[in-house]
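In structure tokens, the next block holds one chain alone, the form predicted alone.
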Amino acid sequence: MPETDLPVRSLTVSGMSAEVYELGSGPPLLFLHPHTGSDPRAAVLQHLARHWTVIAPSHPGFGRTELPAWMKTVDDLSYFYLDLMEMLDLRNVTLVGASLGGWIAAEIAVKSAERLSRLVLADPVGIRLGGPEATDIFDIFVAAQKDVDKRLYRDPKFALTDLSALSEEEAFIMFRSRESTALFGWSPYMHNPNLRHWLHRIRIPALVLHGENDGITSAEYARAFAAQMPSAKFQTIEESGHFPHIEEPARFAECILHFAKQSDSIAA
């Protein structure tokens, strides 16, 4: 195991077995991964752990977390995480979601922010702003993987995956993530038609981060997402694509820390 791998805990949440990575100390930060799955070696977790106790689960259907047959929507995933926070008695949580994880985080916050202190959405998907013909979110299901990778990352080196070098378990997890992404995001494509009508319920401090070179969603889309929430701010992260937490992990963590300090000073 590489030294950057994190110890994994197996928890039973809502009657299902869940894989959860945890590191660091301090107030809790719940990190919700994108559609590519949870990576315990991700540098961003180490950066965040300097200031928070980072709790990084694999969503149901991703990693080694169980996926019951009845769980079919992002709405279901949001209730799973509400149960997780309740079970662990997490309070004053900094909730951070990237891409698909941002969608899940927004769904959580519109339902209940009782256990949350702030919300950070990094290049989120989850809402539709234009008409039927508008392309708010690039369709990752119809494009070739090499074209999707070009839109996900500013630096193509981050997209390199040598499939021949993967272990059988790693390959299983990769393709399980793709299958679950299709389950939760196929139709309607990567959004909940009703979510944007409920974003006004998110009254806690919120920050929407957007990678400057994101080819999946536009800056206009991210700004509009932020505008739906009464207390949300928008910030661009340079030198990154759709996954700034991967391409610029130190900068990503720095933005969240600065935002947390600002929101704490306002609350005081």
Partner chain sequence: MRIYHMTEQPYPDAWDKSTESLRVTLPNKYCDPEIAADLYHRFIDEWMLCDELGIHLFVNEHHSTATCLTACLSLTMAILARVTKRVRILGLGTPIANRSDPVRVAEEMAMIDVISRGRLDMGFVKGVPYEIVPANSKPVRMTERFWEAHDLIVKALSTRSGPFSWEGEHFHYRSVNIWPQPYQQPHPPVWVSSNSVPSIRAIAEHGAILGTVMMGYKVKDLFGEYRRVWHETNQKPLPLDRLCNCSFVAVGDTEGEGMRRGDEVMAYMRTNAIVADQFRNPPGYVSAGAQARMLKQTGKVGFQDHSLFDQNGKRICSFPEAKPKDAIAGGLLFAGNPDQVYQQIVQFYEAVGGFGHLQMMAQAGTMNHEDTTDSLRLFAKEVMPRLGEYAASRRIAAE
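If you're wondering where the values come from, they're calculated on a predicted model, not measured in any experiment. Numbering follows the first chain given and starts at 1.
Below, we refer to the form predicted together with the partner chain, which is not included among the displayed structures.
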_Taking the partner chain in the predicted bound form, would Leu67, Val142 and Phe175 all count as contacting it (heavy atom within 4.5 Å)?_
yes
Assert contact_stretch over 107-115, 87-95, 68-76, 123-131 against the partner chain in the predicted bound form, heavy atom within 4.5 Å, equals 68-76
*Give a yes/no on whether Asn194 approaches the partner chain to within 4.5 Å in the predicted bound form, heavy atoms considered.*
no
Query raised in the report: Taking heavy atoms only, is Leu166 within 4.5 angstroms of the partner chain in the predicted bound form?
Result: yes
Checklist entry - Any chance Glu179 has a heavy atom within 4.5 Å of the partner chain in the predicted bound form? => result yes
Residue-level question: is Ala171 within 4.5 Å of the partner chain in the predicted bound form, judged on heavy atoms? yes
